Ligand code: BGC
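Heads up, the chain below is alone and in the form predicted on its own; it's given as structure tokens.
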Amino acid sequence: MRAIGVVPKKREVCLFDSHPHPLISDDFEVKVKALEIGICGTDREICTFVYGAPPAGQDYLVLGHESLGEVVEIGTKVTGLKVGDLVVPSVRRPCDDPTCQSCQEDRQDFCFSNRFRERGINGIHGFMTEFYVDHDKYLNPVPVSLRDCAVLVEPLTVAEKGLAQVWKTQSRLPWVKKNSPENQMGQGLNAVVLGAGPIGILGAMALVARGFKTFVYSRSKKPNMKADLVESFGATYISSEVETPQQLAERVGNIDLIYEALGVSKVSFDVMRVLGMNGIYVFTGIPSQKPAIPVMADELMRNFVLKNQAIVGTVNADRAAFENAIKDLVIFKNRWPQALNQVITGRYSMEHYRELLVREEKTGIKNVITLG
């Protein structure tokens, strides 16, 4: 069957015609027909060969970790899924270290050994192919009503896991107003999102849905398509070319939460300087290796201590984050259907892989390869 992947030793990005068709080999396995695969920066970076590892004993890696599929066959002990169900797979698979408590408890998103595998990224083929097989516990059922947007579940889990860490960290102080509804825990709080890519826009939607007064700080001046999209669901768009971080803080007031979805260290640390009292900063970006940059370390350190600030990093996601992302997509679709539709800016066949992955000729917010 067809698959899109990389051959690292040859530094090639290829559309393969002979990737083996998968078969169920375990009672808990499920065979899935891939319907849509989202393209993200990680896929494009793997195609520059800065990282990405094929499965042991193989010379190529099938790409793709943002996927929507349809169940076509189930193992004899699978109970939570049936043929015809729509599913979104998780990405990370546990390590083989018996002393890694996280992986032993299916929390491989917090793997201690760093020997985990990730589908389409590290040591295990991804979903950018016509069919795949996986254990049922890694597949998350999706309602049919989300057929047109469920490929966004995986990128939304970045925000979901980040927010889960925010609530846990900030429970150390009276950060949330008493009597706030559970789905409006951000009432009275100010959030700044850095970046207006898919991770930033979906994160901003999650923050607005939870009651935060939300600002998206991105480079391009208004008017632009992303600014219009952001403001259509109730956030405020601010251009970093127009307002400095200090001016941003003066407009926002006390910045309670900064959600970084940019991957640019200079901007990220410049904005960190204006994080407010008792604020929390969530890093999601993974910058490529670059020369060191100057940082106002003394000021940042004073702020961390005197303002009771906290910083967390978040990567990958557990099952709860996938379940919450699915629930939130239902909310987004009900509240902002037009805005949600605009996040996916293009759908393309597999034959357009080089334009999407190598030449990056297809611009927009989120581009998707369709197979079904």
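Just count from 1 along the sequence shown to find any residue number. Worth saying up front: this structure is predicted, and the values here are computed from it rather than measured.
Missing here is the form predicted in complex with this ligand; even so, the following discussion is about that form.
Checked against this ligand in the predicted bound form, the residues M296, I286, V242, V72 give one hit for a heavy atom within 4.5 Å, which is I286. Shown without its partner, this chain lists D97, D270, D134, E118 as candidates; in the predicted bound form, only E118 has a non-hydrogen atom within 4.5 angstroms of this ligand. For the three marked residues, H65, V91 and E154, a heavy atom of each sits within 4.5 Å of this ligand in the predicted bound form. This ligand is not drawn, but in the predicted bound form it has no heavy atom within 4.5 Å of Q309.
Using a 4.5 Å cutoff between non-hydrogen atoms, N324 does not count as a contact of this ligand in the predicted bound form. In the predicted bound form, this ligand sits within 4.5 Å of a heavy atom of T42.
Shown alone here, V315 lies within 4.5 Å of this ligand in the predicted bound form, counting heavy atoms only. With this ligand left out of view, the stretch that reaches within 4.5 Å of it through heavy atoms in the predicted bound form is, among 326-334, 343-351, 300-308, 34-42, 34-42.
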